[in-house]
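Only one chain comes next, encoded as structure tokens, the form predicted alone.
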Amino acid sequence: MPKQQANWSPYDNNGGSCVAVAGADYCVIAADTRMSTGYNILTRDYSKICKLADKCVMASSGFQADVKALQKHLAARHLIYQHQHNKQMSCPAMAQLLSNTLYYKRFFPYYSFNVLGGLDNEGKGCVFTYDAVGSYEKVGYSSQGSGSTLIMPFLDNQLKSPSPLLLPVQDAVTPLAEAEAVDLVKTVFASASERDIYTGDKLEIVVINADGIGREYMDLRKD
């Protein structure tokens, strides 16, 4: 009989999917609310979206314990920044801080896959997408998590952004109106929840625009 041994890992993957879409004067960030481990659903009502500043929101999938630790760290750093500068961090500044925070832990990473969305200093929508060790890119739309392989081709088909190699540099924001972007996000999640067992239950959509932050919810399949 072969020798058996128990392997312990400090990480888990709690599944779930996140999407962000940037527009001319808005940003839509959405994530489902299912949290799983293996074939078990731990909770059907867990928000993966965290408000970091008035015009900056982060959605994270991966290992939710690490995500929680990361959110606490960013909140503490943002508070220090506010005391020192007497203003809130801009979305591009928060994007750089998140990259630095993840890279600092690169030898024992936060097992979290993040999309950061919000409005930049000119009030235009911006989305930043990350890997677990801080490499990031500014894009017009992005997806992370267990359903990202299903969602990203759909978004590419509907919103294909111009190549970053084109000169002069093209704007990455999507041409859709805000309501159209919200409808598109609802469609991609309805589609992903049909095939991905880790995506489902409920969809949380956060919209950031000049008026502030708005939230809405939509039911997804619960099996």
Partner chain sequence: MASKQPENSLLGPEADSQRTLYPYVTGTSVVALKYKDGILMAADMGGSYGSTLRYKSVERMKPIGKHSLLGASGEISDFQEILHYLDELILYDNMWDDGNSLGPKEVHNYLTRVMYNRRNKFNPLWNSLVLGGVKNGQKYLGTVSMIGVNFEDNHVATGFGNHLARPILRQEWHENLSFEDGVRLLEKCMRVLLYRDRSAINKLQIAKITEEGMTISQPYSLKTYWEFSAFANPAQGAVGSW
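Residue numbers count along the first chain shown, from 1. This is a predicted model, so every value here is computed, not measured.
Below, we turn to the form predicted in complex with the partner chain, even though it does not appear here.
Undergrad: Name the stretch, out of 174-182, 48-56, 32-40, 152-160, where some heavy atom lies within 4.5 Å of the partner chain in the model of the complex.
TA: Residues of 32-40 come within 4.5 Å of the partner.
Undergrad: Is there any non-hydrogen atom of residue 196 lying within 4.5 Å of the partner chain in the model of the complex?
TA: Contact with the partner chain, no.
Undergrad: May I ask you to check whether residue 128 falls inside a 4.5 Å heavy atom distance of the partner chain in the model of the complex?
TA: Contact with the partner chain, no.
Undergrad: Taking any heavy atom pair closer than or equal to 4.5 Å as contact, tell me whether residue 72 reaches the partner chain in the model of the complex.
TA: Yes, residue 72 lies within 4.5 Å of the partner chain in the model of the complex.
Undergrad: Can any non-hydrogen atom of residue 44 be found within 4.5 angstroms of the partner chain in the model of the complex?
TA: Judged by the heavy-atom cut-off of 4.5 Å, residue 44 is in contact with the partner chain in the model of the complex.
Undergrad: For the stretch 141-162, return the residues whose heavy atoms include at least one within 4.5 Å of the partner chain in the model of the complex, in the order they occur.
TA: Read in sequence order, no residue approaches the partner chain (within 4.5 Å, in the model of the complex).
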